[in-house]
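Here's a solo chain for you in structure tokens, the form predicted alone.
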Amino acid sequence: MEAFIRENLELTADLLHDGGMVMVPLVVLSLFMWLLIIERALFFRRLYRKNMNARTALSLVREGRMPDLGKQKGAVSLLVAEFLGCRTGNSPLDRHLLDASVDRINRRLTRSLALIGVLAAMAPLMGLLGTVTGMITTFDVLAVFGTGNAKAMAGGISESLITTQTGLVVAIPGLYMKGFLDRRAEGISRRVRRVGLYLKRHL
């Protein structure tokens, strides 16, 4: 196992070295994008689990009792907690406050998703930048040595291919995860809006 890890670390170090300067921002971009993806995935997972139904939510709202966020961690519990935190007891005003609570939760659901999409879309462009710099290196070698230095030419071509490949490797799963998280956010948002309408009708 140790040998396997060491071998892969050496391979990664070689790729970073052969890919040139563009590999550094590409790796930073990838790490930042995956941090955001993991944060969103954990957040949505928490909102999906242990959800209460609309009747239980209404019962808690009527009693003015906060949900037990240790046992009920879902999106509906969050909505009830948000609403009870700002409820005034004035029905017309409370309906507006309930709408505002639904909007606040929906904004939290979509936070970072656009940025994840932008980062995933930037990765192949940065890979393309590496392609250009690699080809410039290759032409520089050709200008100085002609076709007589195949090893130096291969360095520029290698840089082009590695950065292009890395850009695509970062972008493809990133875009897939963006679509997955969008669908998750939309599903939770629909549930929150539905329960919000139900509560509003019975306030």
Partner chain sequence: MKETQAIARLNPGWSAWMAAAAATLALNLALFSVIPNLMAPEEATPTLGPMIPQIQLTRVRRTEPDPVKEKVRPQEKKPEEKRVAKPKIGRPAARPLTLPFEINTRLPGGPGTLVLPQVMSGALTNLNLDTLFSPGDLDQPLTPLSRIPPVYPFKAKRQGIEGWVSVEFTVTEQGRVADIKILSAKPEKIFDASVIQCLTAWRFKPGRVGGEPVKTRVKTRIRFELN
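The structure displayed is predicted, hence computed values, not measured ones. Positions refer to the first chain, counted from 1.
The next section is about a form of this same protein that is not shown, the form predicted together with its partner chain.
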Assess the spot marked by Leu128, Phe180 and Ala185: is its partner chain within 4.5 Å of a heavy atom from every one of these residues in the model of the complex?
no
Although its partner chain is absent from this view, report whether Val27 comes within 4.5 Å of it in the model of the complex, heavy atoms only.
yes
Is it the case that Ala81, even though its partner is missing from this view, gets within 4.5 Å of its partner chain in the model of the complex, heavy atoms only?
yes
Quick one: does Asn53 come within 4.5 Å of its partner chain in the model of the complex, counting heavy atoms only?
no
Although the partner isn't part of this model, could you tell me whether Phe44 comes within 4.5 Å of its partner chain in the model of the complex, counting any heavy atom of the residue?
no
Among 129-137, 73-81, 115-123, 90-98, the stretch whose residues bring a heavy atom within 4.5 Å of its partner chain in the model of the complex is 73-81
With its partner chain taken in the model of the complex, which residues across 22-37 come within 4.5 angstroms through any non-hydrogen atom?
Val27, Ser30, Leu31, Trp34, Leu35, Leu36
